[in-house]
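The chain below stands alone, shown as structure tokens; this is the form predicted on its own.
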Amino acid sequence: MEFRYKRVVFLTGAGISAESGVRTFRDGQGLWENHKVEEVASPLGFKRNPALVWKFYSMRRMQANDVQPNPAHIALADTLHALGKAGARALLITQNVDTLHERAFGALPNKDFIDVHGTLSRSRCTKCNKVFSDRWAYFDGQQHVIAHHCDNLWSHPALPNLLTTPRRDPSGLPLSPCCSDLLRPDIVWFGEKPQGVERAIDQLTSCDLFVSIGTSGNVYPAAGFVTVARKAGAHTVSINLEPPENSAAFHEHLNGLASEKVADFLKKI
């Protein structure tokens, strides 16, 4: 298969997963499940009340477990696979933590994939920062300790899997296998640095096509990626329900449902 572009970078945001039924968890008042953001999505919030944070992320893991990749995820996975077979260089950067890209692809090599905000399917030791695949939900919707896990969440083959019941402290919080300190979700919280930005910029500065799918254009540094790509001479495309806040940086806009627009566009590249 021949492709018009040889160095492609895709960026995805919440819009690509919305049709799968992934909830945003944040309401119009900025509350996440009736909690202030800093209570459940910040290092200080975790330090103050790790049980509350794990109850929140257990709920997110259970919700993500119940949804499936939609046609946009699948079309993007097929295209990434085809680009790789054709010898083109392709990178998928996602702001999403829901694991739907990995599940659509079957596996995404680290060299082709960056989850800048982390993922629901990993946890990290709070003492040594060692990262583990972790698909477990530790608390149910009523915030009771539970002993079952989320089977469908992606499990990274390069990381040690927590396949047996993880060690827990007396309150039900998970402990790391390495240091026996608390595990925390491997999610980039407010006030923390996104992951893989330097590697993303390295490919953005040499890409010839940049495609942003389902992004608002107001979350940095990802919102600035299009500017980097455009300065490098790339053709820039936005696929979204409506133009993003950084719409002026795009050469082309395709407005509509990701499940319809993504597959149609990818057939043309």
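Just so it is clear, the structure is predicted and the values come from calculations on it, not from any experiment. The first residue of the sequence shown is number 1, and the count goes up from there.
One more form of this protein, predicted in complex with a small molecule, exists but is not displayed; see below.
Checked against the small molecule in the model of the complex, the residues V37, I201, L44, L241 give one hit for a heavy atom within 4.5 Å, which is L241.
The listed set Q195, Q95, S133, T126 contains one residue whose heavy atoms approach the small molecule in the model of the complex to within 4.5 Å, identified as Q95. Not displayed here, the small molecule is approached by S216 to within 4.5 Å at the level of heavy atoms in the model of the complex. Remark: G21 does not count among the residues lining the small molecule in the model of the complex, judged by a heavy atom distance of 4.5 Å or less. Taking the partner from the other structure, the small molecule in the model of the complex has a heavy atom within 4.5 Å of a heavy atom of L257. Not displayed here, the small molecule is approached by H117 to within 4.5 Å at the level of heavy atoms in the model of the complex. From the list 228-236, 61-69, 208-216, 48-56, the contact stretch for the small molecule in the model of the complex under a 4.5 Å heavy atom rule is 208-216.
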